[in-house]
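Presented below, as structure tokens, is a lone chain in the form predicted alone.
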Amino acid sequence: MSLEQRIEHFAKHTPDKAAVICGGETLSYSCLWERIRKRAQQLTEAGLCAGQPHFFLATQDADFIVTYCAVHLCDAVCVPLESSMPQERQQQIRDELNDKYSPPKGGRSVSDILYTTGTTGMAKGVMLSSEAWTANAENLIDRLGFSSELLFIVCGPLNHLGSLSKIYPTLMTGGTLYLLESLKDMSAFFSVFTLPFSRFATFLVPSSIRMLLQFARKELTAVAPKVEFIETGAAPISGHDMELLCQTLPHSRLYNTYASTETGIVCSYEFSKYGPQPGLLGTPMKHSRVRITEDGRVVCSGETVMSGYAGSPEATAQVLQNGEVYTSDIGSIDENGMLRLQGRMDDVINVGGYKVNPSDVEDAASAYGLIQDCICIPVPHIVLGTAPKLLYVPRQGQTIEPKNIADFLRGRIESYKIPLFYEAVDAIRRTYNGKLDRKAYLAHQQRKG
């Protein structure tokens, strides 16, 4: 059954159960379903037709859930846009879709168009079908263990796959969603654990996990018995942070998941059970398949993959071929069938013929106790062509000598990976959903050049 059919089911069988909580508002399943039906009727009366894109802002509240499901009831296409997106960009997306969009021929109908963050180029509208969403939900339910007793905390943007994908398994199993604006207010996050639920879970990008471990580890330890599981993804998580999270939440299930808007939810590795290993992302889930090309490129297929890029058949053909999504990730599959990532094709730094994955450097450097955050970028070198440079944020009140960082890295990574240049900075640039914004640093280097 679809998400909306499952909500209707629980509205009949557990009508008073809390479905969505946001701030002081709680919607039961019966109330949620009634509001969805009314909103669908309003949208139909306003002229929304089947197959037509409907644009709306991804606000972190119950009204977003209502609108999202109501558009599906109308057999229309959801186009949730980042809540802080400038009006000019919103209009540009509307004009582009209205001018170029047409449903893919001979395939599954489109239910959503999600715009990527655009860190590797111009943002594209990824078309997803209701069948893909259902497959994603079943992957998560099967691997992570969603259930009707669970309260799942969503604190990331609902126009991105990472958080939006958690609506499905939570509500499709009769659980409860708690919507937070973000993790910036950590007291609001921890106050959720005072609610009368016994099982809590959440999805956190690695930068949010690091923030909790650095500034609220005592509070996280206090709620540890209530944390059923935490899933992370969207960016690499360091081995140091994985180990620290395992120590802080010794009885929780902790997962590192491989997913993207184009591929859907593909693999997940339970590092709390099998041990922290950076880059290890586990075996494919029930509706997904992974293979590696001869040049090391990760290729994904299965029920969760996208239907293509909206209004861009040329861009679609470059990535989606014969039902397979060719990613920009470089990886391998070990003897146990587990996927291990080794970086992105565009991120690898060529140092005198050696290939350096910047995340290896960042993972090692983040274990240095005086570093709060860091990023490894390529810079020009008169002999090597390019060389790695480490930008780092010292912990408050600390001054770090570059030589001490280099000494710390020796023995932890290969000598050719040790940065030749270092610079202390006030903050590391990240995208809206927590990824290191490598594109911004590369553009800056190009302007300097």
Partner chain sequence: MRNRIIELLSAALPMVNLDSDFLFAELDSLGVTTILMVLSEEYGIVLDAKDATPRNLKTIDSIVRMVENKLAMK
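Numbering follows the first chain given and starts at 1. None of these values were measured; they are calculated from a predicted model. Between two forms, the rigid core is the largest collection of C-alphas that superpose within 1.5 Å.
This protein has a second form, the form predicted together with the partner chain, left out of what is shown; the following refers to that one.
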{"property": "89, 184, 355, 297 - the one with a heavy atom within 4.5 Å of the partner chain in the model of the complex", "result": "184"}
{"property": "Partner-contacting position among 340, 143, 210, 72 - heavy atom within 4.5 Å of the partner chain in the model of the complex", "result": "210"}
{"property": "Interface membership of residue 416, the partner chain in the model of the complex, 4.5 Å heavy atom rule", "result": "no"}
{"property": "Proximity of residue 395 to the partner chain in the model of the complex, heavy atoms at 4.5 Å", "result": "no"}
{"property": "In the model of the complex, residue 270 touching the partner chain (heavy atom, 4.5 Å)", "result": "no"}
{"property": "4.5 Å heavy atom contact, residue 50 and the partner chain in the model of the complex", "result": "no"}
{"property": "Candidate spot 215, 384 and 422, all three touching the partner chain in the model of the complex (heavy atom, 4.5 Å)", "result": "yes"}
{"property": "Partner-facing stretch of 37-45, 59-67, 397-405, 23-31, counted where any non-hydrogen atom is within 4.5 angstroms of the partner chain in the model of the complex", "result": "397-405"}
{"property": "C-alpha of residue 29 moved at least 2 Å between the shown form and the other one on rigid core", "result": "no"}
{"property": "Core-aligned C-alpha movement of residue 421 between the shown form and the other one, 2 Å or more", "result": "yes"}
{"property": "Closer or farther: C-alpha pair residue 401/residue 215 in the model of the complex, relative to this form, given a change of 3 Å or more", "result": "farther"}
{"property": "Cα distance between residue 408 and residue 254, which in the model of the complex differs by 3 Å or more from this form, closer or farther", "result": "farther"}
